[in-house]
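One chain follows as structure tokens, the form predicted on its own.
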């Protein structure tokens, strides 16, 4: 049975607001975070009088919907994620600064990410000082997944394009096999690893789109690899 998109979106936004009920202590070192943030400062400003640069300013970033600063030219991909319900909090910011393109595949943020967990904790502790009432900002529930850390054997799976074509019937009801991205992002010709990471991010409910979460919850690792191989091979 197909579930209406509007109903699924309503459920998703309800879940997002419910997740904000739990508070979590944040254990980073803001002074060390300020030093690490120098890597980000060529593109992002934060603090009194901060303005947009190459990237948006980061004042008030905690609790802000992705892609929502008026006047800043975001990528289509980030705006879509915001429209789908992506809110910047400890969980989503941690995932984004670890690997921006794992969370938002076509982001314009050309940064390889902070791979060390402690570095990310410290930077986020620093940034929290510039959001309203940082000690009371709702975080994701403690059991939430913080990143898409796929085992090497999952990334190494080689999918069968023919099986992927068989599985793709549900996908192409929205995503056009010909590559059109009118209203729905194109997935034609995507690099296989990017495709696999994106679908696992939906499956683990890190990416917020409720319909994609529902669809990927039914897919095995092998089926995701097959879909990646099929769509990668399309012209």
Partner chain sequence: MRLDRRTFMGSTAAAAATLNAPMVMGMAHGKPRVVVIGGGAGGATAARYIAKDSKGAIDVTLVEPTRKYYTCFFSNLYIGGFRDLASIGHTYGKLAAEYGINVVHDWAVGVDRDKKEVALAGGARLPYDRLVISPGIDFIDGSVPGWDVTSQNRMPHAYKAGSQTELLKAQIMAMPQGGTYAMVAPPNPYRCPPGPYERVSMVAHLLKQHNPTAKIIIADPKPKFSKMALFQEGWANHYDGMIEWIGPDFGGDKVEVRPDAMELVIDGEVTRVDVCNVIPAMKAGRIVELAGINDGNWAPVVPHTMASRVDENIHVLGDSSAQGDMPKSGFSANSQAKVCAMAVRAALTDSKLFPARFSNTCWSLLATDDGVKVGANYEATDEKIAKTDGFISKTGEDAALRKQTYEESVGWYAGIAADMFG
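Quick caveat: nothing in here was measured; it's all calculated off a predicted structure. Numbering follows the first chain given and starts at 1.
There is another form of the same protein, the form predicted together with the partner chain; it is not shown, and what comes next is about it.
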The stretch from 151-159, 81-89, 118-126, 99-107 that lies within 4.5 Å of the partner chain in the model of the complex, judged by heavy atoms, is 81-89
Partner-free chain; cross-checking the partner chain in the model of the complex, the single residue of 69, 172, 43, 50 with a heavy atom within 4.5 Å is 172
Picking from 203, 57, 209, 64, the single residue whose non-hydrogen atoms come within 4.5 angstroms of the partner chain in the model of the complex is 209
If we define contact as a non-hydrogen atom of the residue within 4.5 angstroms of the partner, is residue 165 a contact of the partner chain in the model of the complex?
yes
message: Given that the partner chain is not shown alongside this chain, does residue 221 nevertheless sit within 4.5 Å of it in the model of the complex, heavy atom to heavy atom?
response: no
Within 107-126, the residues having any heavy atom within 4.5 Å of the partner chain in the model of the complex are none
